[in-house]
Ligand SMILES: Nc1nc2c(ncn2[C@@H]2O[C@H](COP(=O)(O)OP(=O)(O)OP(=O)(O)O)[C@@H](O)[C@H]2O)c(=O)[nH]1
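Presented below, as structure tokens, is a lone chain in the form predicted alone.
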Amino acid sequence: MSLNLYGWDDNRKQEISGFENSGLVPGRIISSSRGIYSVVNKLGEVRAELSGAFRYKAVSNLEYPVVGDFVLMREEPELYIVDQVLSRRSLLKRKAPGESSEEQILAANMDYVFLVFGMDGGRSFNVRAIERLLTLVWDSGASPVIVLNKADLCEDPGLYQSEADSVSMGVAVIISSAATGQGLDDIRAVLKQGKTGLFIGRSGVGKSALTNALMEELINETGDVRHDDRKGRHTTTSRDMFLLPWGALLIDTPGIREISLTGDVSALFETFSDIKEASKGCRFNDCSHDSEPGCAVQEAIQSGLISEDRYRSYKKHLNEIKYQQRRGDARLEMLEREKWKAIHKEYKNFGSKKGQ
């Protein structure tokens, strides 16, 4: 099997130019479960796990490989051993659920992330969730695309599209239906041969159904939604990469309940580019857009150019990102200290044994 089918290119070949005689071979992770990875290399699909040295050197879970990563590995009698993760061109991550300040990687090396929402009522569609996911994707380095799915169950998809357009800031919006095939050609037009895409969204919005439709065969089971609140059942329980019939790659993900932001504030300015543009007219360069005199953002709100809800969403996201940055910096400092404590202890023990 050619690794080129899975996104390997000349730039990747150049990246490993110094490893020709190391015995390491490249591959791309297409799924993972409990520390065991399914990896595609020139021989086909193989099983792999991390080397002990990799686990020891890793400072945080951000360094561990995920679906979409290109890796270097060595062959052992029963399975391959991953020694190195190659550079990431994009990285989709969020704050891990719960009180922890850790970040959770969802996938790596995507060209496009499709934000999938259902148009069948309930909690499947929310403009504030669109803003939140857009910020997540802009921070990843991939390009977002909004997919409004289940058009066959919606009387007026145009209403949903108008709401999505009001916060998309130019991001493409696709109306789709896995049941009828509507919008599939639009997705294919974006996700061209050799490109990698990812579906993200709540359970029940139809991600697995869209994956099956694009694969033209049943890959994942699809689940019904509860009639009372339109919340879906989890049908995808892991992240898996599929090679689509026309040569593109697609990562299907489990439904997400919590979208906690982390990363860089610059991603927020992509999502709220209208607020960023308005801020250029502020009297003060460091304007916080709260109550300062001469604030052009507040003037835009008063005139109706920017809605109060959108402004509140922007401030909420901004405060959340800054808070997580402070927590994350403190945690990384602690991890680095613990790492060097362990190294110094190992050297000390080695010196004591040597002197005996």
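In this text, residue numbers run from 1 along the sequence as written. As the structure is a prediction and not an experimental result, all values here were calculated from the model.
If you look for the form predicted together with this ligand, you will not find it shown, but the lines that follow are about it.
Taking the partner from elsewhere, residue 255 is found to have a heavy atom lying within 4.5 Å of this ligand in the predicted complex. Contact annotation: residue 149 falls within 4.5 Å of this ligand in the predicted complex, judged by heavy atom distances. A residue is said to contact a partner when one of its heavy atoms sits within 4.5 Å of a partner heavy atom; residue 94 fails this definition for this ligand in the predicted complex, lying far away. Though the partner is left out of this view, residue 267 does not reach within 4.5 Å of this ligand in the predicted complex, counting heavy atoms only. Heavy atoms within 4.5 Å of this ligand in the predicted complex are found in exactly one of 281-289, 72-80, 208-216, 162-170, that being 208-216. None of 275, 178, 133, 249 but one reaches within 4.5 angstroms of this ligand in the predicted complex through a heavy atom, and that residue is 178. None of 203, 90, 262, 196 but one reaches within 4.5 angstroms of this ligand in the predicted complex through a heavy atom, and that residue is 203.
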